[in-house]
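Let's start with one chain on its own, the form predicted alone, as structure tokens.
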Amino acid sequence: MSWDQILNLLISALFSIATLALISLGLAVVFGMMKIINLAHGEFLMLGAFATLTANRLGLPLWLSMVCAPVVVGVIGLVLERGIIRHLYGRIIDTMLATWGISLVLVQLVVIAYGPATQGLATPLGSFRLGNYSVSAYSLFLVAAAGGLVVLTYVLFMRTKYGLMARAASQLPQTASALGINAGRINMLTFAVGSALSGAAGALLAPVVGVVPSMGMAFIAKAFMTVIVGGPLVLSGAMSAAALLGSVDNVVSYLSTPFLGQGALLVISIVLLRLMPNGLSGKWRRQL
């Protein structure tokens, strides 16, 4: 294998890992931390992509449109949490049904507004030559952006007063309330943060995927798989799972076909959960 093949495979693997990290980050907060099974997670990604598309078509530069997307989706998440989700904490089945219904409504609203056809955004930054291969510069930007979002999320939840209150409100709500923490308000903000992270992922992926109302279906299974395989530690577990599963998917896809790569990702997830029922981080020292 030549040097350019090795570097191209490495960049491709990093892109796959970054994609899994992006699509699972918001779910890691909402599902991993708050224990809310949000079946509308894929639609929050979709809303981020359409918010970017809309802002760009209204005349905003693409980069500013991407910044607007997580704000829009975060506000939508906040409204949904106040109107629906907050009444269902601790009721897993009810939450699943409610978020599934929300996902159907969101898809239909977007179909009514934009139609069922695939929308497109031009991939920015162009490409560069790497030996015999042409590599998209945006793929490297997406890797850096994913890393930046992970670091930002870690700092938010581990190095700020809000993060301490958020972890207390989700893990020990009665104790948090006894200490004067408004658990309901903190949970509202945490759900909004998770929604905004999902919107950011949709915005970053919009230039490299087809923006279509049903695009969330392509990501939600992978996102849940990544978070569940990661185990109880919200960030470190999910990101470790993203690195492992993304690498497996990419290598198998490179050696065979993308279809077999998807199959290998599923098989390795099942095997890992059979051997490690608590996920990759099940026996790690307790952190975020």
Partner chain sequence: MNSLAKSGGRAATKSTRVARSAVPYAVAVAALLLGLVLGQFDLVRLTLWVIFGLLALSLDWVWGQGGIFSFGQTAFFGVAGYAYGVVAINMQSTQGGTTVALLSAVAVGAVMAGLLGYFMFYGRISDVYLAIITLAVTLVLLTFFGSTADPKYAIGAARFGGYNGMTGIPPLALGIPGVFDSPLSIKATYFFMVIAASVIFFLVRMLVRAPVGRILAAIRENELRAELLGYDVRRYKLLAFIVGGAIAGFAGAMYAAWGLFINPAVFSLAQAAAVIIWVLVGGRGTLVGAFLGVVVVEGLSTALGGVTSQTPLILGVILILIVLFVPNGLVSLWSRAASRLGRNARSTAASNSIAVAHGTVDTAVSDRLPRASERTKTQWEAGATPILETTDLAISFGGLQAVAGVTLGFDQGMHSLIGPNGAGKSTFFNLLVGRYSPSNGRIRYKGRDITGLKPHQRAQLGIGIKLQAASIFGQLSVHENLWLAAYACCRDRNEAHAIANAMLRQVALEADAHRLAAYLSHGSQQWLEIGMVLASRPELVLLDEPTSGMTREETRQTADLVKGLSKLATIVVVEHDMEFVRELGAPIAVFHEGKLFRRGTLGDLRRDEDVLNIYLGKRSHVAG
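The structure presented is a predicted model; accordingly, all values stated were derived computationally and were not measured. Positions refer to the first chain, counted from 1.
One more form of this protein exists, namely the form predicted together with the partner chain; it is left out here, but the text below deals with it.
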Heavy atom of each of 94, 101 and 266 within 4.5 Å of the partner chain in the model of the complex: yes
Segment assignment from 80-88, 67-75, 145-153, 189-197: heavy atom within 4.5 Å of the partner chain in the model of the complex: 80-88
Non-hydrogen atom contact residue 259 with the partner chain in the model of the complex at 4.5 angstroms: yes
Contact flag, residue 10 vs the partner chain in the model of the complex, heavy atom cut 4.5 Å: no
Non-hydrogen atom contact residue 244 with the partner chain in the model of the complex at 4.5 angstroms: no
Residue 109: touches the partner chain in the model of the complex, heavy atom cutoff 4.5 angstroms: yes
Position in contact with the partner chain when the complex is considered in the model of the complex, options 34, 228, 53, 235, heavy atoms within 4.5 Å: 228
Residues in 266-284 close to the partner chain in the model of the complex, defined by a heavy atom within 4.5 Å, in order: 266, 270, 273, 274, 277
